[in-house]
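In structure tokens, the next block holds one chain alone, the form predicted alone.
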């Protein structure tokens, strides 16, 4: 199992935060709210992540990672031409969840902005992790592919949790509905290949066409 990955994150991408918050046009009040929430949110973040680099063999729609198999046409397509695969889990910890819960009762607008900041931070964290692992391996990373994405069933969460020992290593829990606690957490797989991926849309493998973030 890999060591924990705990980099220094870059400053907030405020444009991304506003996108996650559903703000197409931000007035001064919204920008002030974002600024006011940022420090409180960032102080609450307690990030942690672990990962495994695994062999990869694809036969039809079945991806064999050595320790486990997953059958998904979309995942097999995303990992085609890859030499290895990386399975990982990342979380921002419970502190941000507690803040969101607190302000959900006191100030829904603030809770929404905190949710958006959390979404931007966990995505940034995952991006850095994929760059870190690809540099270690001397290969290029593909886009991340999570359970519930495309035709990969959400039930694949159970497999990733077992392989990564998420509860023991990260304090990351999975409930009966296959939702994670802390909520600002990600489990995913990405491939490692000799040539860089084309930077296609993050949404290109997803069949959920009514998503408000489609095309991002």
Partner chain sequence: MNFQTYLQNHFVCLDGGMGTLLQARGLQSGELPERWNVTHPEEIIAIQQAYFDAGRNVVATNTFGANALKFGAEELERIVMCAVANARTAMQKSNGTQEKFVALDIGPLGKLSKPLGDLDFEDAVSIFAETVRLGVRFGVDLILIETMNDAYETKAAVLAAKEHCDLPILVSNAYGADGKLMTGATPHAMVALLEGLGVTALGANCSLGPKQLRGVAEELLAHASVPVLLKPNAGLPCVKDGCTHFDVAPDEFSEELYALIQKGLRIAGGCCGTTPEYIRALTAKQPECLPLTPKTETVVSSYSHAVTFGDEPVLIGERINPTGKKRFRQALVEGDMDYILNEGVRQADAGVHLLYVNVGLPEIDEPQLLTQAVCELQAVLNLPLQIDTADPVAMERALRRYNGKALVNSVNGKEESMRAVFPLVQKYGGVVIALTLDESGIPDTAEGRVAIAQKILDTAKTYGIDKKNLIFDPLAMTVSADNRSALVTLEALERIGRELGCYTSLGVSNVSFGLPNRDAINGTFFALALERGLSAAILNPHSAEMMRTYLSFCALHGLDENCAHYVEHIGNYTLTATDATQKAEAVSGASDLQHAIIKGFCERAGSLCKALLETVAPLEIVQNEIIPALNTVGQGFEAKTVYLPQLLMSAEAAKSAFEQIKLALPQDSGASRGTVVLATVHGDIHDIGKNIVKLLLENYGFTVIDLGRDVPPEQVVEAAIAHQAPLVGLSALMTTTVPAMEETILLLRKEAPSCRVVVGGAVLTREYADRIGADRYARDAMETVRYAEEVFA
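Quantities reported herein were computed from a predicted structural model and do not represent experimental measurements. Positions refer to the first chain, counted from 1.
We do not show the form predicted together with its partner chain, though everything after this point is about it.
- Annotated contact segment (heavy atom within 4.5 Å of its partner chain in the predicted complex): 90-98, selected among 121-129, 74-82, 90-98, 138-146.
- Remark: residue 188 does not count among the residues lining its partner chain in the predicted complex, judged by a heavy atom distance of 4.5 Å or less.
- Contact check for residue 22: a non-hydrogen atom falls within 4.5 Å of its partner chain in the predicted complex.
- For the chain shown alone, residue 35 is not a contact residue for its partner chain in the predicted complex, no non-hydrogen atom being within 4.5 angstroms.
- Not displayed here, its partner chain is kept clear of residue 39 by more than 4.5 Å at the level of heavy atoms in the predicted complex.
- Contact annotation for 173-187: residues with any non-hydrogen atom within 4.5 angstroms of its partner chain in the predicted complex are 173, 174, 175, 176, 177, 179, 180, 181, 183, listed in sequence order.
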